[in-house]
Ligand code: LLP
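This document opens with one chain alone, in structure tokens, the form predicted alone.
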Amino acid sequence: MTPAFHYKNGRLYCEALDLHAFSREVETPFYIFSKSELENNCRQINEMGKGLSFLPCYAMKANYNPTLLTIIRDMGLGADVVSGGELQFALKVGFDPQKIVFAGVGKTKEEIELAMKTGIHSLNIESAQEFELVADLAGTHRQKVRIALRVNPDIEAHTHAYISTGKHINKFGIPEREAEKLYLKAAENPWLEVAGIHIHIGSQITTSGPFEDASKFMREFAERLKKQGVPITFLDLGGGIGINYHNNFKKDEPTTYIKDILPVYLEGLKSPGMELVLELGRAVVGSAGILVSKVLYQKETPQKKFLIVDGAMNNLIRPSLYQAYHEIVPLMDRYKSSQVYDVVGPVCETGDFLARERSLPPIPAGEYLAVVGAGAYGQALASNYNLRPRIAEYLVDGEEVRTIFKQETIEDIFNRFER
């Protein structure tokens, strides 16, 4: 099977679409997604859970384009939301409320009430004070609420500090001993249905070790609660499985680590009568999208060579925010030499870069490059900084390509202001 993104006759394709030819027809930069890659990632996740009571949920924070959400929904996934806005998007797209889980460290009263009214799968509570608010609202509305507590297991995920979420220094979840007391308290409340345990230890994890530690923690914690008369019917495993940001489309290598990691996690937790809930975002959509950008200038100083492109940190902030690595490749694979460049954008910040100290071909002004693995946390984290409009998004299905997000204009931005 030909990979979704591949070179043919020295030209980069997305499925059957020649990206170089397409880039000459539209304004750059832009995001472009492969439907087949997105569906394949969903299919892999579903296959890993065969034979289990398994609810895979897509973490909407990774990318909330409604067209992509519809594909993910049609592939049978539920939704993991962390805000009232994401919950409303999930409902508008048509996700079954019983396949929606709501986490998030700072839920408002209004967001909790929306979740209660909607009748979602579970409300995942992240602090003692949030627990008290949920209990009060459930009693006030005389409505039973299905809950899980997000427990912080103090497990090192070996990922970037900004996306590590399972240590006691992180803001997420409830420490184990405090959580245990809250479970016992919840079990005595007639308006709280204590159903699950939730953890999430971090993002972009590429080895199974942290998940093995997480599995052991959840098994032991669930067993301890059971002995105290607290019935647990589901385990929410969180997400965090990484993708291959070093893929250059020239080798037959996996785009995600789903097959390497997920079976280990599920195997460690499966037990009769226990539902396993999963929250994957990046592993679903990350490898399905790229950012295409045009080279504006080559520039050289006494110490540096730069490729100045029209894509910038306002389009893809991950390299600036996390020092994240994205492979960068030319749309035309015809260069015989390479040099070390910083790939930078037009934004008026020294931190505006897509790559630093990267060995790349000397792509001339007017030609194009692709930033790989940009389907997650790209447009979702975009801004209008320097009054740069958000860029277009396209979806490829075989030879067909269609716009799924129309590029903003300055007029669009101007008209959002009250005058």
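When you see a residue number, it is the position in the sequence shown, counting from 1. These figures come from a predicted structure and were not determined experimentally.
The protein also exists as the form predicted in complex with the named molecule; that form is not presented, and the subsequent description refers to it.
Partner proximity in the model of the complex, defined as non-hydrogen atoms within 4.5 angstroms of the named molecule, places exactly one of 358-366, 29-37, 57-65, 388-396 at the interface: 57-65. Using a 4.5 angstroms threshold between heavy atoms, His121 stays clear of the named molecule in the model of the complex. The closest non-hydrogen atom of Lys107 lies beyond 4.5 Å of the named molecule in the model of the complex.
Among heavy atoms of Tyr322, some come within 4.5 Å of the named molecule in the model of the complex. Contact between Asn315 and the named molecule in the model of the complex is not found at the 4.5 Å heavy atom cutoff. The contact with the named molecule in the model of the complex, taken as any heavy atom within 4.5 Å, belongs to Gly240 out of Gly311, Gly240, Gly173, Gly289. Only one of Pro210, Gly345, Pro153, Gly281 lies close to the named molecule in the model of the complex, with a heavy atom inside 4.5 Å, and it is Gly281. Residues from 368-385 that approach the named molecule in the model of the complex with a non-hydrogen atom closer than or equal to 4.5 Å are Tyr377, Leu381, in the order they occur in the chain.
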